[in-house]
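Take a look at this one chain, the form predicted on its own, written out in structure tokens.
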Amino acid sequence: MSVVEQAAVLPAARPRPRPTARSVALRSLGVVFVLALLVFMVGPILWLALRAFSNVWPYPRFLPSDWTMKWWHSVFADKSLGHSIKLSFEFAPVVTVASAVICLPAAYAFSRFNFPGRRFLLVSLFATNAFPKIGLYISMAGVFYTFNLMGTFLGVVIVQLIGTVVFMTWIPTAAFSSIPRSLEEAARDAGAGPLRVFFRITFPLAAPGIFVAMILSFLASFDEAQGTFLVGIPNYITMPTEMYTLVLNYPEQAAAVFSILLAIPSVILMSLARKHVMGGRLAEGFQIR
């Protein structure tokens, strides 16, 4: 069959319907919302980036008239600011590991066993985020004074654990729940013991979800300010706590530099976790019955 004959057999292409006024209006409104979202999300970050390198920025100039690196040098040369950076990178890994040791066994139990009050306990984990945390921290202060935990490393770790429990329990529970039990049963039928099944099948399949939970827990600890301020001062002042002093006593350019330094770990770690968060298997596990 020739090309002309094939063209005659094919159905004629339907003309595209003309866009209506309503569809154009909805599409335009969607574009406006996306642009507004970009302005509110990217705008502050862009302003911080410009402010951190600016020396003179008179109003109403669109860009700084003078650029400098002195604010970066001043932040890294300040011993108190450098010490707060060091403390933040000390607390976050300790809190993340402690949270994993405490919560991962509970997450596995929530996923694999049915027991009275299971659903209630899972939902109650969100209670720490159901109201302003400062009230909870003030209530805890009395207990901390009794046990001499105020101004101690352990006290700050305990306070920061409150913000990591939800991530380190719910996400691994969803990761364990997304694994078909038939795989574990097949391994047991082949003669593998419970520990071997867990470490050779269950844990490797749940590892991406646990990885995401550890990243979110690290960031929750790294960015925690209120509880650390209440319990840690004056001995332990982390980067988020130091921001209070920067805003009040330092030039805003130095605060902009410190804010960028505080945001860098979040951007890097969330980029690493993105492919696991966007996957469908982890989302299926959140359908906990």
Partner chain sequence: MSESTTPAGLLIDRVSKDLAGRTIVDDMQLEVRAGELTCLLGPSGCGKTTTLRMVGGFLQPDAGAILIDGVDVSRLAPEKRPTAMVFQNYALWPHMSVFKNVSFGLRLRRLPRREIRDRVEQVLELVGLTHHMNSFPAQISGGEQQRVALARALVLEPKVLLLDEPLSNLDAKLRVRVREDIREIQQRVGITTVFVTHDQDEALSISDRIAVMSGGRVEQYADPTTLYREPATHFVASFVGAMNFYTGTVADGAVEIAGGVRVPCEGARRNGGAPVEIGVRPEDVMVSTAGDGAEAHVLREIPRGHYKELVMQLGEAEVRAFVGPEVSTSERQRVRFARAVVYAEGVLRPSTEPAPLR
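Numbering follows the first chain given and starts at 1. Computed from a prediction, not measured in an experiment: that's the story for all the values here.
Same protein, other form: the form predicted together with the partner chain, not shown, and the subject of what follows.
Listed residue (Val94, Leu87, Ile210, Ile201) with a non-hydrogen atom within 4.5 angstroms of the partner chain in the predicted bound form
When the partner chain is considered in the predicted bound form, the option within 4.5 Å is Ile201.
Open item on the list: Can you tell me if Ser80 lies within 4.5 angstroms of the partner chain in the predicted bound form, counting non-hydrogen atoms only?
Closed with: No - in the predicted bound form, heavy atoms of Ser80 and the partner chain never come within 4.5 Å of each other.
Q) For Arg196, is any heavy atom within 4.5 Å of the partner chain in the predicted bound form, or not? A) Looking in the predicted bound form, residue contacts with the partner chain include Arg196, since a heavy atom lies within 4.5 Å.
Is His73 close enough to the partner chain in the predicted bound form to count, meaning some heavy atom within 4.5 Å? Residue-level check for His73: no, no contact with the partner chain.
My question is simply whether Ser182 lines the interface with the partner chain in the predicted bound form - judged by any non-hydrogen atom within 4.5 Å.
Ser182 belongs to the contact set for the partner chain.
Using a 4.5 Å cut-off on heavy atoms, which residues of 184-202 contact the partner chain in the predicted bound form? Read in sequence order, the residues that approach the partner chain (within 4.5 Å, in the predicted bound form) are Glu185, Ala186, Ala187, Arg188, Asp189, Ala190, Gly191, Ala192, Gly193, Pro194, Arg196, Arg200, Ile201.
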